[in-house]
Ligand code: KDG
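Okay, so here's just one chain, in structure tokens, the form predicted on its own.
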């Protein structure tokens, strides 16, 4: 193929990929009156521009700027330019940053209830996820996080974590025996993989690809989009769609900044965060399905667990629930489980 034709083909592929992402919904709601002052919101996110989180943040930006008639400007900073999740949250508390959308996992020391999102197989379907975040449980957890210099105004989706490894297909806990699985430095995640018979190995994400390539660890677990974007499939031929842990993002605003906003703009941010939440989850799930298929097409062998196989994992992991129930809050766990019935 000639260079010019190749360039046109690549442009066409890019356009097709972009069109596969759900379009942003129309902005609803009228203009919101302020107090005559202009405001700027710097938003820090940890993921890249190609992901669902950034796309959702772009929709938030459009809503806020449109409905404030330009009096509230939103500036997006992707790829942890302003610091990782904990650093960004600390900046909110000190008033040097206005907004961030961290994963809940790094916030467990601040809000122990958030450890509920690290429990295995607690969110069996996205329907249960939506019932939690769009209902009373999600509202209660936002109230928990609206403290310590923070105002929590909404949820969005990081997604389900999946297992990959370099040794063999995994369809039962017995297949994990002795495998070295990289985990985050998270006590529940360590407990999960140890209980399943694997050898959990905490390691920074920055070191992970090289560790997989050199065989320092045999496997890892992350959402499909991270597996693809980090090229783990190049050194991990086997994957299992475990959906073992579901992780959300939470939308946080600096309390110091919040208190300076007129009431109308405060409500605008809440409304925009809710609209962003619904759209971002749609984008996340669309990308998830597309990327899983792309990984298959690229040669990755993906095992899809049957309900019976999932039940075997759940039974094996019952001690994890027993261990963490009192620390997280048994009623919270029971309330979420009830939605699965």
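Only the largest set of C-alpha atoms that superpose within 1.5 Å between the two forms is called the rigid core. Numbering follows the first chain given and starts at 1. This structure is a prediction, so every number in the text was calculated from the model and none was measured.
Quick note: we don't show the form predicted in complex with the named molecule, though the next part is all about it.
Practice task
Assess the spot marked by 85, 102 and 221: is the named molecule within 4.5 Å of a heavy atom from every one of these residues in the model of the complex?
Solution key: All of them do, each having a heavy atom within 4.5 Å of the partner.
Exercise for the section: Heavy atom within 4.5 Å of the named molecule in the model of the complex: which of 150, 129, 268, 184 fits that? Just give me the one. Expected result: Only one listed residue qualifies here, and that residue is 184.
Practice task
Answer for residue 51 alone: is it within 4.5 Å of the named molecule in the model of the complex, judged on heavy atom distances?
Solution key: Heavy-atom contact with the named molecule at 4.5 Å: absent for residue 51.
Practice task
Tell me, yes or no, whether residue 71 is in contact with the named molecule in the model of the complex, where a contact means a heavy atom of each within 4.5 Å.
Solution key: Flag for residue 71 set to no.
Practice task
Spell out, yes or no, whether the shortest heavy atom distance between residue 180 and the named molecule in the model of the complex is within 4.5 Å.
Solution key: Result no; residue 180 lies far from the named molecule in the model of the complex.
Problem - Any non-hydrogen atom of residue 249 within 4.5 angstroms of the named molecule in the model of the complex - result: Yes - in the model of the complex, heavy atoms of residue 249 and the named molecule come within 4.5 Å of each other.
Handout entry: Stretch from 114-122, 156-164, 138-146, 251-259 whose residues place a heavy atom within 4.5 Å of the named molecule in the model of the complex
Key = Of the stretches listed, the one contacting the partner is 156-164.
Practice task
Pull the contact list for 46-66: residues with a heavy atom within 4.5 Å of the named molecule in the model of the complex, in sequence order.
Solution key: Going through 46-66 in order - heavy atoms within 4.5 Å of the named molecule in the model of the complex - the hits are 46, 47.
Handout entry: Is_shifted residue 230 between the shown form and the other one (CA, 2 Å cut-off, rigid core)
Key = Comparing the forms between the shown form and the other one, which are aligned on their rigid core, residue 230 does shift its C-alpha by 2 Å or more.
Handout entry: Core-superposed comparison between the shown form and the other one, residue 107 Cα displacement 2 Å or beyond
Key = Comparing the forms between the shown form and the other one, which are aligned on their rigid core, residue 107 does not shift its C-alpha by 2 Å or more.
Practice task
Please check if residue 150 moves between the shown form and the other one, taking a CA shift of 2 Å or more relative to the superposed core as movement.
Solution key: No, residue 150 moves less than 2 Å.
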